[in-house]
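Next up: a single chain in structure tokens, the form predicted on its own.
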């Protein structure tokens, strides 16, 4: 394989992935490739399988059938992935709906913990990286505070800096603004826009349609566990081909 082939090979490959919660068929024959530098935004109604899809990518959810390859590491069905899963967890960052910060640690210590524990960095190196990332997301002046002293938007930006501190090859976002007050949403989206401009590979689940149109290279619409349509944002939002996509957007864009 040439260097050029390596650069364009998908960082995420999902083939015929099926996921069940008991009798509920949550993901149905999902096929999805994500190439380095691509921003893929996943939209759909609540309960359609969006969050489950990205949680399968980093092994937070087991799947029953199909194949998932992440940065050359193969995830196998039923959670039997072993060292491949550990490698994926190291290379993939994730920002959740809830911030999941350690309340007893300062902002700085929340960010440096994983690089020191998982990557074996010295404290000095981890602190240098953390300070740079906190400045990057606009909260360098909050480093000594504890999470409970911050607004929701600030806490989510700490969570973003913490994920970036592991120098991930891929970032996953699971509705990162859904727990925020409306006035705080913009500051988190701005930080994500900057990541997109810098070429970070991202898969984002969101209900923010304007943001999806702006940053996505490709938008995936999921309907009842199936990918109903996948296309550039201008196609999805202006000329959707699938009736299910049109129906969904006609509802959500009214609000």
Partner chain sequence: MEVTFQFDWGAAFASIPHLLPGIPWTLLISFGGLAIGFLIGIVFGLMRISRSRLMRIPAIFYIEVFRGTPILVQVLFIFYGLPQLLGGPINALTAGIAAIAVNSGAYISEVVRGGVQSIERGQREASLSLGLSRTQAFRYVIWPQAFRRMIPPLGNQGIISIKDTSLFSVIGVGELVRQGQIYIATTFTALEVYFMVALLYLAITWTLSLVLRFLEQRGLAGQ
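Positions refer to the first chain, counted from 1. All values reported here derive from a predicted model rather than from experimental measurement.
Another form exists, predicted together with the partner chain; not displayed. Remarks below refer to it.
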Quick one: which of 69 to 77, 179 to 187, 114 to 122, 134 to 142 gets within 4.5 Å of the partner chain in the model of the complex, going by heavy atoms? 114 to 122
How about residue 92 - does it come within 4.5 Å of the partner chain in the model of the complex, if we only consider non-hydrogen atoms? yes
Contact with the partner chain in the model of the complex for residue 96, defined as at least one heavy atom pair within 4.5 Å: yes or no? yes
The partner chain contact at residue 146 in the model of the complex, heavy atom, 4.5 Å: yes
Looking in the model of the complex, any heavy atom of residue 55 within 4.5 Å of the partner chain? yes
On the criterion of a non-hydrogen atom at 4.5 angstroms or closer, are 11, 50 and 199 all touching the partner chain in the model of the complex? no
Which residue, 84, 108, 101, 126, is the contact with the partner chain in the model of the complex, using a 4.5 Å heavy atom cutoff? 101
Residue among 60, 209, 230, 45 with a heavy atom within 4.5 Å of the partner chain in the model of the complex: 60
Within 162 to 188, which residues have a heavy atom closer than or equal to 4.5 Å from the partner chain in the model of the complex? 162, 163, 166
